[in-house]
Every structure is written in structure tokens, then in C-alpha cells.
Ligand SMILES: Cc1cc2nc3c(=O)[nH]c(=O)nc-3n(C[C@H](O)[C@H](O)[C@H](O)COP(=O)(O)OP(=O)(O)OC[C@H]3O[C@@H](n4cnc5c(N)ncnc54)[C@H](O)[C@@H]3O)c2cc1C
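Single chain ahead, by itself, as C-alpha cells, in the form predicted alone.
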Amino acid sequence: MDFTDQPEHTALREAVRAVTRAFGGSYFAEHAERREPTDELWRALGKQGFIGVNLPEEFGGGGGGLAELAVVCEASAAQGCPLLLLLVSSAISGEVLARYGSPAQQRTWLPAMATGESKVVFAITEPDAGSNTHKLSTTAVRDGEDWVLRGTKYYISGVDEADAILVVARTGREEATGHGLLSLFLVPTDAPGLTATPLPVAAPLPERQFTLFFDDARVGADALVGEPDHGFDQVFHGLNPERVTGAALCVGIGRYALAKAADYARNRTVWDVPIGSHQGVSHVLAKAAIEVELAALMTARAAWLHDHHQPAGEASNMAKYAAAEAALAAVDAAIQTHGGNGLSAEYGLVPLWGIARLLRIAPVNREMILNYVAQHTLDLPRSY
């Protein structure tokens, strides 16, 4: 594996940085505090082709892969603007529709997603299922040519910004195991029978969370994505990219927080010397920097494996785990370095803590990743 940055990735990173730098960390922090979407930045990145960098060229995308989308996630976050919906619309929904969507679905949705004019968010989480996908209770039942959806989804990001939701629903059960057979549906956000209720979240984030209620929500046959009852495999084609882009976002958050902390430590003078000259400050930041860069390496490896159609589950989980831990440690170190100023709105660090803390839980929590590694990497007995 070549560990040097590819020239096209270097150029992409610099171009994304240039667009995002014009907005800056204060833009993200202010929108996070007001719980307002970062629409202006999304559109600016979309206009330059970065939102859909991983989508097929025939539908207006960049024709790149997950590695390129990870660069976009990392580079924008490293300028203080981590965009959560890159994980959802570009990574999950974009990858699933590009792979499994019908020609009509691809023509309808991918061009506008590629330019940033439209977003398709993702709904799998339910109040009672948690991480156990087999226990999903939202159902989709055929009614003539249509499908009727019933159930509840929970902690669904960005519904207020989206035109459609990629919904995971149970369409049957396996006779041998009793596990649900899953299918995917593209449901417009204004579909009759769908109600979206804001879910208050204490952490300041631009992207709002919602509870979705499907009360006999009716969609046509053309809403089904891929083959019915094959949704489990289709979902995981999107979940590995979500984990990789989540890791990339965390790497960018860590780099941005450490850059701000190092600058503060170089210039903040107490007792006649910069505080960065004290090992109690410098060693904490150095340790955090090492952890961020180690996470960046695993993130790059996971993206490479996915793009080369090799098993990427292990690397994707490890990258997400390492990057979330590293980002949270980096932001915490930056806040501590700033002292009381670390909690000041002026320095914009607390919103970064909020999204880093969220990414330690979602899209898959650290405990389930440890379960995965114990079982699949170390061949230990399943613990859950």
C-alpha cells in the first residue's frame, strides 16, 4: 500500500479546504448553536462537485470512490465544518442507490444529490431495536401495486433538510431463524401517513434529529430499492461507507481541534512563557496528534478496501472506533488547553465536542465494534 497522498487526493483536499475555509469554524459553531442547517456550505461544496464526488459520472457525480468522499469529509471537518449528512446522504444513500437503485430511481435522485441540491437521509434505528437489526418492527406490506409502511424510526438525522428517506422495513421473516427479512424503500418526506417529530438533543449540532411515525404510509411499487427481502445485504453496502466517512469526519475534527489548541498554546503566555512550553500541555496534545494520525491510516485502508471490492467490515469498524476515540480526546485536550476559554462560544470548541461525542455512539457504538472485533478478528465466542 502506498502511504503517500495521491496527487489527485492532494488537489481534492486543497480544493475542499479552499471552499470551506471561506466559511470557517465560526460558521459551523454559530449554526450548531442555533440548530440551523449549514445549507450555504453544502451548496458551495455541491456546486464544485464535492458532495457527489463518489457518485457515477453518468448521473453528474465525480466518478470517484469512498476514498475520495473520505477526503471531502476529512478536509471540510479540518477547517472546522464537519458535515454529518455527508455520512448519510452521500455515503449511505448515495452508495446504495448507485449500486441497487433502479435506472428510474438513479435518474430521479442521483443528479440532484450529486450537486447538493437534494438530500436523501437514512432511517434504520428504532426505539426498541437499538443495534439489533433483526428486531426491526417497522413493516412494509404489499397492497395491490403499492406498499404500506407501519412503524416508528428514531434518531433520524436531517429529515427537515431532505427530499426523501431511505427506509429499512421488514417485509417477511426467515422460517429457520425468525429473523426479519428486510427491504429498502425511498419514501418522500411529504408522503401521506408519514409524520416527523423533532427529537430534542442537548448537544449543539446543525443537523436536527427526528422521530418518524409511519401510519399506513403508502408508496408505489417504484419506491422499492433493489430486490424485496434482500435489504440486509443492501444496507451493509451503505453502512461500511458510513463508518469510513464517519471516521474521516472524526480525523478532520481532531486535526482542526489540535491546530487551534497548538496555536493557542504557542501564543498564550502565563508566567512569562507560552503555556505550550510546559509538558503538561504539550504532551497531551502530542499524544492526541499521534492518535488522530493513526486513525487516519486505518481510515484510508478501510476506504481502499471498499473501493477495491475487498472485505472492508473489519477495517471500517476499526477505523470508526479509532477515529471517534481520537477525535474526542483531541477536542477534550483542546478545551483543556484553552482553560476557561475552551467553553467560550468565541472559540467554537464545544460544538465539536458534541459531534465527536455523537460519533462515538453512532452510527455504531464502540461496544458493538469491540464485540465485532472480539468475535471476527480474535475468534472469541459471541458475547451478545
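A quick note: this is a predicted structure, and the numbers were derived from the prediction, not measured. Residues carry their position along the shown sequence, with the first being 1.
The same protein also exists as the form predicted in complex with this ligand; that form is not shown, yet it is the one meant from here on.
- Within 4.5 Å of any heavy atom of this ligand in the model of the complex lies no heavy atom of residue 282.
- Taking the partner from the other structure, this ligand in the model of the complex has a heavy atom within 4.5 Å of a heavy atom of residue 368.
- In the model of the complex, no heavy atom of residue 214 sits within 4.5 Å of this ligand.
- This ligand is not shown here, and in the model of the complex it never comes within 4.5 Å of any heavy atom of residue 78.
- With this ligand omitted here, the record of contacts in the model of the complex names 122 to 130 of 247 to 255, 141 to 149, 107 to 115, 122 to 130, defined by a heavy atom within 4.5 Å.
- Interface residue among 240, 157, 93, 299, judged by heavy atoms within 4.5 Å of this ligand in the model of the complex: 157.
- With the partner removed from view, the residue among 162, 288, 205, 223 that has a non-hydrogen atom within 4.5 Å of this ligand in the model of the complex turns out to be 205.
- Residues 358, 361, 362, 363, 365, 367 are the members of 351 to 367 with a non-hydrogen atom no more than 4.5 angstroms from this ligand in the model of the complex.
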